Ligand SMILES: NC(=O)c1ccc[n+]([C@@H]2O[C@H](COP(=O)([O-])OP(=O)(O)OC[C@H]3O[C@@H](n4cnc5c(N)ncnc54)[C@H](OP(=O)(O)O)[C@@H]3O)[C@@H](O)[C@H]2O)c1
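Take a look at this single chain in structure tokens; it is the form predicted on its own.
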């Protein structure tokens, strides 16, 4: 497990809870209280706890040694280049299949890892479950929309991760292999681009955004731009048109997650870097690649960058 935030701890706990040999690689010197107290997971998917003896911890990626069936990257997407470099340095010292599974938001990080480790080694996970860190050792599942999906953007056989999906499911986090993970990831991109930047800037949970005609108009424009960009890049998701997706978005997805506050909002409140570059920023870059303008996504990206930098940064 690379990354011990809310997602990393929840996923690692689920695996450790069914007897998998889990090793967390954390930053050297990190104050990880969960190393002493274990990991507690509560919320929508039930309660589960792992004791400190149920998992191992090492100081940094450079300290990893041994046989690994999978390396789960649960960091923020903006850390992709740093994680990839560190993992590449230690890669020859690791044995086993070493399949890298990216638990990332947005679009684009898989290409960074593919360049280093090849198309057969890099997989992606689509997660549409909400995790909140209630305490250093405690992760709460605030909302669960669907099972985690794992698959390859580069044509590798997703059934090679059937064991991982089964272990996560047994540990309390439903998971399944997916043959077309790209459609799943792009569906999540649509959802996150519509909700996360606007919710973070307004400081509200998702449901509030659907209550105002003004914010609905912004979200509609975001979705139109994303569909334009996907079509121009030869990409597709589970809906052919923006209006088809909007019906599902407003009637099903938004009500089911109305109380959830995005990780982007949590990051802005804590003064941390956000994942805007893999969401609205990624849409902006994909548009630039094919000459499609994305003014609303670009504006939201700029506003989140400005909110992150703060007034003292000039």
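Numbering follows the first chain given and starts at 1. Predicted, not measured: the structure shown is a model, and the values here were computed from it.
Absent from the display: the form predicted in complex with the ligand. The rest refers to it.
- Across the proposed site, 114, 153 and 277 without exception lack any heavy atom within 4.5 Å of the ligand in the model of the complex.
- Shown without its partner, this chain lists 222, 74, 189, 229 as candidates; in the model of the complex, only 74 has a non-hydrogen atom within 4.5 angstroms of the ligand.
- Scanning 253, 265, 26, 282 against the ligand in the model of the complex with a 4.5 Å heavy atom cut-off leaves one residue, 26.
- Annotated contact segment (heavy atom within 4.5 Å of the ligand in the model of the complex): 121-129, selected among 202-210, 171-179, 121-129, 239-247.
- Residue contact with the ligand in the model of the complex: residue 103 places a heavy atom within 4.5 Å of it.
- In the model of the complex, the ligand lies within 4.5 Å of some heavy atom of residue 30.
- A residue is said to contact a partner when one of its heavy atoms sits within 4.5 Å of a partner heavy atom; residue 89 fails this definition for the ligand in the model of the complex, lying far away.
- The ligand is not shown here, but in the model of the complex it comes within 4.5 Å of a heavy atom of residue 61.
- For the partner-free chain shown, nothing in 140-174 comes within 4.5 angstroms of the ligand in the model of the complex, judged by any non-hydrogen atom.
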